[in-house]
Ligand SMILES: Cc1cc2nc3c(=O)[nH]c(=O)nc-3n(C[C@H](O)[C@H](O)[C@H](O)COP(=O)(O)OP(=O)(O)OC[C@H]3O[C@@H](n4cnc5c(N)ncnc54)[C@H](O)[C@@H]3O)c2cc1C
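Okay, so here's just one chain, in structure tokens, the form predicted on its own.
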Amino acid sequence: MQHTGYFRPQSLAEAQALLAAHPDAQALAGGQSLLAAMKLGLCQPTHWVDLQDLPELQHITRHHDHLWIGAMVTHEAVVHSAEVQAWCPLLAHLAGGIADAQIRHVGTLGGSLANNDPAACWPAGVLACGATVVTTQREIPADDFFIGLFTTALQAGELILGVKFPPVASGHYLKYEQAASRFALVGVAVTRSAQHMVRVAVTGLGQGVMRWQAAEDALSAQWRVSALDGLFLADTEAMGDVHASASYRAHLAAVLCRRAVAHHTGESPTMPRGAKPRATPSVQTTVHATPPGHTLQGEHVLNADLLQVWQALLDPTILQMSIPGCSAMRLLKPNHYQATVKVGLGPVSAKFETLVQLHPDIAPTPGSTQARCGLDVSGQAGALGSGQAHVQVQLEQIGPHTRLHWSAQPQLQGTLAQLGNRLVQASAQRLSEQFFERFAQALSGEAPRGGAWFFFYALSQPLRRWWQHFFRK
């Protein structure tokens, strides 16, 4: 059994030194999420570096152009802060609705933002306020900070110092809770600046906090509930699970947005009868995710000819170059591979033992324009269970390029299959593009760069689904 060390530094400099000295240590900023992840085996740091005693991170200070809230300020401290109440009551109201009193006395602003749970309240408040996250290395606007599912712009070793909140003329946050966890089934934060510009942030839809641009435009032009008449998020912007369908979540976002505006205008938030939805167009992507048991699919165009791509798919050396976190990959026999991969998602990680078997259905020949192969992927996550997926890969020569289209049908067993379908559609397009960037670099002879996800995580995505299933409170 692995034993985890514990440090409790008394200054920011000491904390940074400890994290630098122990590369596999994890900063602890409350621990409401990380300790639960550790119990599930998803977070296995060599040491905890507890930040609760750092005086530099515990202040709430009002400046002429912003309100400063330190990273280690607890939710409860925000609730009772006179500075927060005077500057932006939305923040105190939001903090007061987080979980229960015990968690509010321990959980922190910085911990919530670094974790970036897709159903958390703080990301919506920070994004709607147009705040700036200040770290040990830089200042990051909220629009650039939240990347996706449990993922932020924070780099290794970078700690949040606090958040700068600019002035807002008015704002309100409302959420509809999932009763057991008190996370937001959907939460909407609406703010309006002195220049009458409106920002609307929505949490709880599944992919991570997002801005609702169509609602912002409508309300910036006319600050009335009626400006939102018939305006709804597209169902594809949300996801469904045992608690609510995607369409219900999308509809609930529109309802809460109307109520948040009505809180300030005094109007009735009721939707007019017979209103025809003007659904917000969803962003077009080349990857589509559906609930387990259904088919995932996507495509990517590679700057290489058909034979090059085919050979790369069968080359374990190139595959391992494209897999960050892959500590071992070996060829068991022709077209049979075994890999040990440490997969990271935000502040947590897990190790998977993965087997992949390729089935070359239609091998390319000189002059051919199409090829097809299948992949049977299976992985074991220890006591958490296992998963399998059959992946179909089709290649098509298009001039000097090759279009790769894939589809996958994943299945889960054990604990993984029992933990719900809470995060099915998180960042599928981004994960795919991150892999193919590295894969394309390997095809061209370059050394892959950056923090992409490993090959089968992006291509077939069964392990991504495992992660989404088991990391829920």
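Residue numbers run from 1 along the displayed sequence. Being a predicted model, the structure only gives us computed values, none of them experimental.
What comes next is about the form predicted in complex with the named molecule, which is not displayed.
Engineer: With the named molecule left out of view, which of Phe352, Phe183, Phe232, Trp212 would have a heavy atom within 4.5 Å of it in the predicted complex?
Structural biologist: Exactly one residue meets the criterion: Phe183.
Engineer: Please pick, from Gly111, Gly387, Gly206, Gly298, the one residue with any non-hydrogen atom lying within 4.5 angstroms of the named molecule in the predicted complex.
Structural biologist: Looking at Gly111, Gly387, Gly206, Gly298 one by one, just Gly111 meets the 4.5 Å heavy-atom criterion.
Engineer: Report yes if all three of Gly130, Phe146 and Arg192 come within 4.5 Å of the named molecule in the predicted complex by some heavy atom, otherwise no.
Structural biologist: Negative, none of the three is within 4.5 Å.
Engineer: Could you tell me which of 254-262, 309-317, 76-84, 97-105 sits within 4.5 Å of the named molecule in the predicted complex, going by non-hydrogen atoms?
Structural biologist: Partner-contacting stretch among the options: 97-105.
Engineer: Might Arg249 be said to contact the named molecule in the predicted complex, defining contact as any heavy atom within 4.5 Å?
Structural biologist: Although the named molecule is absent here, Arg249 would stay clear of it in the predicted complex, with no heavy atoms inside 4.5 Å.
Engineer: Find out whether any non-hydrogen atom of Phe165 is located within 4.5 angstroms of the named molecule in the predicted complex, and reply yes or no.
Structural biologist: Contact check for Phe165: no, nothing within 4.5 Å of the named molecule in the predicted complex.
Engineer: Using a 4.5 angstroms cut-off on non-hydrogen atoms, would Arg199 count as touching the named molecule in the predicted complex?
Structural biologist: Because no heavy atom of Arg199 falls inside 4.5 Å of the named molecule in the predicted complex, the answer is no.
Engineer: For Leu154, is any heavy atom within 4.5 Å of the named molecule in the predicted complex, or not?
Structural biologist: Contact check for Leu154: yes, within 4.5 Å of the named molecule in the predicted complex.
Engineer: Any residue of 141-179 with a heavy atom within 4.5 Å of the named molecule in the predicted complex counts; write them all down in order.
Structural biologist: The stretch 141-179, when checked against the named molecule in the predicted complex, contributes Leu154, Glu158, Leu159, Ile160, Lys175 at the 4.5 Å heavy-atom cut-off.
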